[in-house]
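One chain is shown next in structure tokens, namely the form predicted alone.
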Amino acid sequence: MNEFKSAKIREVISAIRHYDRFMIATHVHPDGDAMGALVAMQLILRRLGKSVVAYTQDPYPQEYGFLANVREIRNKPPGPADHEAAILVDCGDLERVGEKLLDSVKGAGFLINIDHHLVNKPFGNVNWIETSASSACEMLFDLCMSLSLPPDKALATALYTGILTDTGSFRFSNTNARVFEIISTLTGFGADPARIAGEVYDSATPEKLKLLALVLGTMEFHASSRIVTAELSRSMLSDSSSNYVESEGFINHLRSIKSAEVAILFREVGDGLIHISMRSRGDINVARLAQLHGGGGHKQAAACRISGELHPVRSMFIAETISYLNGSRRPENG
């Protein structure tokens, strides 16, 4: 472990030991790493004898319902006297915690930020940002080891889940030798790879598959099939009796197309906003595209939100992406 990481972990541990009552939270529309990290952080704090309540603005995806204490996670913001300090995990920007929780986080007496996103905007009294980490759960594994808290089965399961999903089941470029070393260790502590994979990937509802079918029906190819796009409208949710939580992971179906260097999913999320998720291959840095619109993420997995109507936004953003792939210094609007 390098000295910078060691120093940051010491800062986090010092702050955790100083306070007794915590709120912990993660980003809106939580994915597997967000859920794994949220549950893991809760378990770590409780083993240290701390009082802790976990929050997400949006309901958790049902495929993560097997994680420990997940049903204790709250969606309504806490009162100002409910906690002394806040910890955000896997949240690259303070606003990504969501409007409902933002004031509670800002009002915390002390804020710890633990994240691995490339374009993280540092915030909080302590910010441990490690862009070389595969996931927030990899970072929390290091925190456990530094605290001399070997994971029990529940904690190992949460950490394994986050690493599994944020590496795309060990298919993405953030998968490396250290990831497999950690995974091996977590398996030794009780994480069950077959059970976790089954819960995450083989527990879809009929409504989710109906929604996926509607989304894939909007699939289009651009730039000689180098770009694949699809959309999710609000009417699709009604037609499938589904919700946005069910669409977590849909982008990976687009990414699986062999010719696609960039996969983009446009989701109509309400309030005149279009959420844009992106995945890429090779050297294509989709975080740069996201940054143009106030978003961010990783080189090969990023997102942003744009105000406007679904189809005009989709056309505009596709044009930007084509321009980027054709070698422009920066994408142009229009």
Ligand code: 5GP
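Numbering starts at 1 and runs along the sequence shown. Keep in mind that what you see is a predicted model, and the values were worked out from it rather than measured.
Although not depicted, the form predicted together with the named molecule is the subject of the following passage.
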| property | result |
| --- | --- |
| Asp93, heavy atom within 4.5 angstroms of the named molecule in the predicted complex | yes |
| Interface membership of Lys50, the named molecule in the predicted complex, 4.5 Å heavy atom rule | no |
| Exercise: Arg255 in contact with the named molecule in the predicted complex, heavy atom 4.5 Å | no |
| is_contact(His83, the named molecule) in the predicted complex, heavy atom dist at most 4.5 Å | no |
| Residue stretch of 211 to 219, 181 to 189, 143 to 151, 93 to 101 approaching the named molecule in the predicted complex, non-hydrogen atom distance within 4.5 Å | 93 to 101 |
| Answer option from Ser280, Thr56, Ser277, Gln42, heavy atom within 4.5 Å of the named molecule in the predicted complex | Ser277 |
